[in-house]
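Here you get one chain, nothing else, as structure tokens; it is the form predicted on its own.
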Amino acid sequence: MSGRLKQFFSQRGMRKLRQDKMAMGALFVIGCYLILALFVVAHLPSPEAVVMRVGPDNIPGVFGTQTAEKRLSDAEFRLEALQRAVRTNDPETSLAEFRMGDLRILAGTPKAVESRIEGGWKAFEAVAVYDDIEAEAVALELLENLESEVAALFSPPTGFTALASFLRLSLGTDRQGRSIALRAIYSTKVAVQIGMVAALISVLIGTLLGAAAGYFGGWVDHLVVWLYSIFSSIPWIVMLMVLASMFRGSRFDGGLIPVYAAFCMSFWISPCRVIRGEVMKLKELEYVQAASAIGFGHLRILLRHVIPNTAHLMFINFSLLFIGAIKAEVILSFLGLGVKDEPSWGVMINHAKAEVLNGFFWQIGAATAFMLVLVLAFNILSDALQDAFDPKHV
């Protein structure tokens, strides 16, 4: 039977899956996310780059516009940062080590740099006297002159550095001046890790318990049904919050271990129910009865003849639980009970609350878009897997 199952997956199911263009597109998107996660694991981008300030706070991304007052504030921020660097006890070292993303101070002596900064402050004061900059053509012209003065203080990036700088600022900065694009990309690793671990362990636990309950019946079935009935009677979000909060104050607080534990202890219920029902039907089929009559042990029948024939359900449940784990992590992190020690889409959405009130949607938009594309791809793949491998559909 296992040989025929292998033939089914390798020929009929895979052929139908390959013919589904949307499923192939979804697989390509998922592959891109996996590659991004691998790059992050290899520290591309590095954790230091993700938390580094690359510019003023709440800069909009490409094609975004700023008010004149915000442009004036950004120019003031850059002038103050340069002024702090030039007024240290060792200005030459401070100027040599100064970084604002990929921007460096234009080469020159501390006195020359300070003189250029003073020119920038004069241009700033000329604009600051206007109450409504956008209503005055002269004020707007002076603002453009100020921005030119400030830009002249920095050495513009070139080549690959210029491309990296563009990508880093493509989605703007958050309220701490950190790159939203880098944080969204880095969060891909957390999403893939949580989805992969939670879905894999939950499917394994649910499959083993469901198969044992459906095959053996009796007290084993009653015990498993009692277990998932108890767990499923508790609202899943409440159970996740309780399980995640149990690790508060421990050395695992803020890491991924509490999230793994919370998800794996609650997500096994769905695959357990499905596998149990399927095994109850499979154990009555002729090939299982024949294997039992020949004298094969229960464990061999389960592992070699019954569980392999539930593989299509395992694949589908893995895909669905992967999606559920990502969405649940976002909810937990938004509530402050999930990941804290590193960026994630839930953390980004949580940090964007104050920004949204001020009309800045770049951070919450980036996190939502990254999550939407991955979840949509897995939804499409789940439907395609069911159509290709579920015997009822085939």
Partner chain sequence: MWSYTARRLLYNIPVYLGIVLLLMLALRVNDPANAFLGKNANPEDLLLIKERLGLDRPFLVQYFDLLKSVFSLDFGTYSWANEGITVGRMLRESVVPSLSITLPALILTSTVSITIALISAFFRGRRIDRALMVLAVVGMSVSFLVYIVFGQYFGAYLLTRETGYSFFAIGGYESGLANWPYYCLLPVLISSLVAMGYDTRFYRAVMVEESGRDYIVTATAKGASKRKVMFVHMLKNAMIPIITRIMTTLPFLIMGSLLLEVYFNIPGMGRVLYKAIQEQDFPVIQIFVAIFAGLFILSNILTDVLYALVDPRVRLS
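Positions refer to the first chain, counted from 1. Quick caveat, the model's predicted, so the values are computed rather than measured.
Missing here is the form predicted together with its partner chain; even so, the following discussion is about that form.
Exercise. Is the gap between residue 330 and its partner chain in the model of the complex 4.5 Å or less for some heavy atom pair?
Worked result: Judged by the heavy-atom cut-off of 4.5 Å, residue 330 is in contact with its partner chain in the model of the complex.
For this session: Decide whether residue 375 counts as a contact residue for its partner chain in the model of the complex under a heavy atom distance cut-off of 4.5 Å.
Result: The answer is yes: residue 375 has a heavy atom within 4.5 Å of its partner chain.
Problem set entry | Exercise: residue 160 in contact with its partner chain in the model of the complex, heavy atom 4.5 Å | Looking in the model of the complex, residue contacts with its partner chain do not include residue 160, since no heavy atom lies within 4.5 Å.
Exercise. Wondering, does residue 247 line up within 4.5 Å of its partner chain in the model of the complex on heavy atoms?
Worked result: Because a heavy atom of residue 247 falls inside 4.5 Å of its partner chain in the model of the complex, the answer is yes.
Problem set entry | Non-hydrogen atom within 4.5 Å of its partner chain in the model of the complex for each of 241, 353 and 371 | Heavy-atom distance to its partner chain in the model of the complex: all three under 4.5 Å.
For this session: Tell me, out of 231, 98, 77, 166, which residue has a non-hydrogen atom within 4.5 angstroms of its partner chain in the model of the complex.
Result: Looking at the other structure, the residue within range turns out to be 231.
Problem set entry | Interface residue in the model of the complex among 364, 36, 50, 54, criterion: non-hydrogen atom within 4.5 angstroms of its partner chain | For this set of options, the contacting one is 364.
Problem set entry | Proximity to its partner chain in the model of the complex (heavy atom, within 4.5 Å), stretch among 24-32, 38-46, 59-67, 331-339 | Correct option: 331-339.
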